[in-house]
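Quick setup: one chain, the form predicted on its own, written in structure tokens, and binding and motion questions come after.
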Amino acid sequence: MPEEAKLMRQIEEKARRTAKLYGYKEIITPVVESYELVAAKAGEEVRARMFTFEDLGGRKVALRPEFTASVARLVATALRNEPKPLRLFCIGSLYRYDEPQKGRFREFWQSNFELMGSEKPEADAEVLLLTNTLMKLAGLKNYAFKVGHIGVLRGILSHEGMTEETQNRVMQLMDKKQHEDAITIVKEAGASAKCLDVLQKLVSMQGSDSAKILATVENLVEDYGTASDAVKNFKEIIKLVSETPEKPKIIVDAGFARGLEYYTGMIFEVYIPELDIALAGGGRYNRLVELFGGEPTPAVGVAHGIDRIMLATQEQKTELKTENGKSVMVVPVNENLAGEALKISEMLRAENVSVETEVMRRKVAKALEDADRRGISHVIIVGERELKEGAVILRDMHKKEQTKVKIENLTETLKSP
């Protein structure tokens, strides 16, 4: 209906605004895809609900059930030689044969953001933060991020010698919160008593005291090498996000899994108290581009449900506002300053300045080269010496001039003619 269409387009515009603020470039993917492509790592639940048919050429095709496989195929082929990281987003309709109900439709709309080429925790943090920005731009209140790490669960199961097929079945059940059934499958597959005990404890651990929960998880899995590494990665991501001015509400859920099979690291969903469906969901997937014949490419992404966010705004009776902005890149001089770089980036975005944050841990000279090639007008260099004075270096890329600017005056300086 006209009013709903208007609201949906406004939310779509907020997604585009978010893409602009974070430096993501739009791509358009086909609605009809090869069945093999979209089924490859979709997960049993999604595969069972795809709209599939044979085209006139006798090929098995499907209506796209999600965007990520199409984007990964594009990165493996046409974009394979593009400089990393790639920040890509797309908006459009998707199709799954669900039972229509509140917030769940057979045709639905999403905005999809993918950050490809960085395995660093800054990239995971960026995807969480841009989702937080979209929720804020949509005017939503009291939303919370449920965050887990599939690497912890898969690390334990791999250590116990579980096949990928068994692991996928376990994740499907955990996604549906059928934890007892999931643990039964692990038991039948010959897992040790210790493994069953650890899993039983993990699925009951969730809460907003992330430091306490992650410390407990770390102790629980200390004998499982890759799971232990996953917890360290998880802690780094949460620390980076928690140290930004926004401090989004995070619920750590140690037994959280998602239905798609391609996840390898941090995963998350966003909820509001008024609805029991996720408004957004995503995570890290490091092997999907490779699956489609590309180079090994670490990646992290998120899908935001446009119609679900619309439903959430209606439930909360929110009003949407519009805004404007300007393009900048923030570069820390070393990895210890990554958190400071994220803080400054989020501060500027809150003032409607479009900002890309360096997430490749490149040297400053390389980052400046990259910014220059892509036409970024200003680079903020975050250095230890300047930070002690509450300042940063602001470089005008067109004039090739740089000055020291107090952090509190950054927004004013960037917005001045």
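The first residue of the sequence shown is number 1, and the count goes up from there. All values derive from a computational prediction rather than experimental measurement.
One more form of this protein exists, namely the form predicted in complex with adenosine monophosphate; it is left out here, but the text below deals with it.
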All of 121, 146 and 239 with a heavy atom within 4.5 Å of adenosine monophosphate in the model of the complex
no
Which of 202-210, 91-99, 136-144, 286-294 sits within 4.5 Å of adenosine monophosphate in the model of the complex, heavy atom basis
91-99
Can you work out whether residue 280 and adenosine monophosphate are in contact in the model of the complex, taking contact to mean some heavy atom pair no more than 4.5 Å apart?
yes
For residue 305, is any heavy atom within 4.5 Å of adenosine monophosphate in the model of the complex, or not?
yes
Does the 4.5 Å heavy atom contact test between residue 132 and adenosine monophosphate in the model of the complex come out positive?
no
Whether residue 72 contacts adenosine monophosphate in the model of the complex should be assessed with a 4.5 Å heavy atom distance threshold; does it?
no
Pick from 104, 249, 187, 159: which residue has any heavy atom within 4.5 angstroms of adenosine monophosphate in the model of the complex?
104
I need to confirm a contact call. Of 313, 110, 233, 167, which residue comes within 4.5 Å of adenosine monophosphate in the model of the complex, counting heavy atoms only?
110
